[in-house]
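A lone chain, given as structure tokens: the form predicted on its own.
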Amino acid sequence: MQANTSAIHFGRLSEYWELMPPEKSIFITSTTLRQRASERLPIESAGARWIEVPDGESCKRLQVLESVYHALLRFDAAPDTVLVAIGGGSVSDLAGFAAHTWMRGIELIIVPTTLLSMIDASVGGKNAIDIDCTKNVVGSFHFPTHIICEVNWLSSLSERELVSGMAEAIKHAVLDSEEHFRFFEQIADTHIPPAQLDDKTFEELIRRSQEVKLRYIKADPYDSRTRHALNYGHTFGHAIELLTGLQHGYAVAAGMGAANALAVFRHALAPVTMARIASLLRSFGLPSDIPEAFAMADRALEPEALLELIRADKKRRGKELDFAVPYGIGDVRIEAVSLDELANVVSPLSHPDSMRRKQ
């Protein structure tokens, strides 16, 4: 069985060239990143074999996966082939699934190029593709042997892409501790936009998030229950993402706000803590609840459409879902939440005044 750990490195991709022998390695990246990725490899990489896939979530489709398999055939990929994924979370999801299924598993190396992928998507071995409107419904576990984080990739990202990554980093802080959460409040207090943060700050932020995620992975490598806490904000978030078209982090931020509202409604979370998390999210330009997300996307909120997507969530067990319920900073618990309870909460969430009257 494949080891469920990955070696994480910080530095330039060219410093780890020995991990990617040209005669064994095949590189997969998005069309947009292809040129920049090539430039970061040593001069000897001129003859490297490349697979290009569409940008973003659109690459996580069966037809794209099939095209990757055909490319692997053309390149005569063998059991000792190393598949090197250079890109964001969508590319690593696709590549991880391809690596897991090609000849029953080949080596995978991930070079994350976005904040979101450095702190979350590249770490943990979960890979998936989308079917119709359902995210990540076909997937597997395939841990990369190495993750190479070159922080200066972030300088090429837009402010919006960086802010999207911040949402997952804040999620990790809520899961982790008061000290970790204050670290983000201190960044917010500087009023420095994410695009102007220095590499040292980003590296600390990334390492902190990776440590949190790795702790959950060590406790529950194959996501049987404990690791479900990492889905905090995602049950609502995935549905919000599909309905609004917002970037993943923005949708997860709104999903965190919705999960917090549910927790307050259940008397699990103190309203003052919900307000504190909302304030931090807003300080980075993220939505703090469902209505804010739909307003940001200029979309009408339809509770029934939201609930229909939540019903398709892969964490559903009959009429209940395994749901990450926050009780406080550093205290997020997995509890069974009924679909009926979510239905009773979603409608008031679209009318905040109504929600307050019910509390």
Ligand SMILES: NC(=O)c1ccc[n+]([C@@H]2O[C@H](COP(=O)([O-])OP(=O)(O)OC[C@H]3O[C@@H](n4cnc5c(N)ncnc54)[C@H](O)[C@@H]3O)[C@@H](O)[C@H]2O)c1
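The numbering used is simple: start at 1 and walk along the sequence shown. Note that the structure is predicted; figures quoted are calculated from it, not measured.
In what follows, reference is made to the form predicted together with the named molecule, a form of this protein that is not presented.
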>> How about Phe97 - does it come within 4.5 Å of the named molecule in the predicted bound form, if we only consider non-hydrogen atoms?
In response: no
>> Given that the named molecule is not shown alongside this chain, does Gly56 nevertheless sit within 4.5 Å of it in the predicted bound form, heavy atom to heavy atom?
In response: yes
> So in the predicted bound form, does Arg36 come within 4.5 Å of the named molecule, heavy atom to heavy atom?
Replying inline: yes
>> So in the predicted bound form, is the named molecule close enough to Asn136 to count as touching (4.5 Å, heavy atoms)?
In response: yes
> Taking the partner as it appears in the predicted bound form, which of 101 to 109, 264 to 272, 74 to 82, 87 to 95 has residues with heavy atoms within 4.5 Å of the named molecule?
Replying inline: 87 to 95
>> Going by heavy atom distances of 4.5 angstroms or less, which of Ile277, Ile206, Ala121, Val163 would be at the interface with the named molecule in the predicted bound form?
In response: Ala121
> Taking the named molecule in the predicted bound form as the reference, which of Ser156, Thr190, Gln196, Thr226 has a non-hydrogen atom within 4.5 Å?
Replying inline: Ser156
> For this chain shown on its own, do Ser30, Thr113 and Leu116 all sit within 4.5 Å of the named molecule in the predicted bound form, going by heavy atoms?
Replying inline: yes
